[in-house]
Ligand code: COA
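Shown here is one chain on its own, the form predicted on its own, set out as structure tokens.
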């Protein structure tokens, strides 16, 4: 069977492909482990100077595979659950990190973009931050980074109402650099990555460090707080109702908990 996480290093670009198209690239615990391993390898590989992550044209990731997520809830502290290890890994990358997004980009498929240096979206891209609607809370420091990027009003709309938004709105909010036809977005991201790979590596890494340094400590602190609340919310009555409703294909009823 083909691995759902594919990697390749060529011309200085370490490429990571999420490849589970039959499930809209929904992420399992094993896939989070593989993604974190791939990012660690890319950071350590001297031949890799830039990292690119993508799915397929028309599909980035539908976020968590909820069945797998509930079967393997990320509740333990040590070792860190694979999903939180993945978040910590992409939030601390020293090498340039580029995303090519088309189709669905749900949950972590959107929050990881806040940690990318360059993001290119296909015309079909549809982003969503569904945490509140699942009885949960934001993750990946999105409660810090999204309002810093888009302003409080836009961030509140995205995080509180949990409604999907398109590539134009994502670009307006500063989440993506450019919008391209779906069939072109991955190659465009790779072209930009090759440009970066051809530049002086030390200067590129230093410039990224300088761009990120003012927020790095605050990002780590925010992520710790988010993880604490996320774990608490995961076992809450609201989350249990939200997940049950998802699997029952019905609208959740939060009224008993809103007294």
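Values in this document were obtained by computation on a predicted structure and should not be read as measured data. Residue numbers count along the first chain shown, from 1.
Below: the form predicted together with ligand COA, not depicted.
Of the listed positions (127, 131, 84, 90), a single one reaches within 4.5 angstroms of ligand COA by any non-hydrogen atom in the predicted bound form, namely 131. Taking 186, 175, 116, 106 one by one, only a single residue has any non-hydrogen atom within 4.5 Å of ligand COA in the predicted bound form, and it is 106. In the predicted bound form, residue 22 approaches ligand COA with a heavy atom inside 4.5 Å. Using a 4.5 angstroms limit between non-hydrogen atoms, residue 65 touches ligand COA in the predicted bound form.
In the predicted bound form, no heavy atom of residue 53 sits within 4.5 Å of ligand COA. Proximity of residue 249 to ligand COA in the predicted bound form: non-hydrogen atoms within 4.5 Å are present.
Picking from 70-78, 106-114, 165-173, 141-149 the stretch near ligand COA in the predicted bound form, with a 4.5 Å limit on heavy atoms, gives 106-114.
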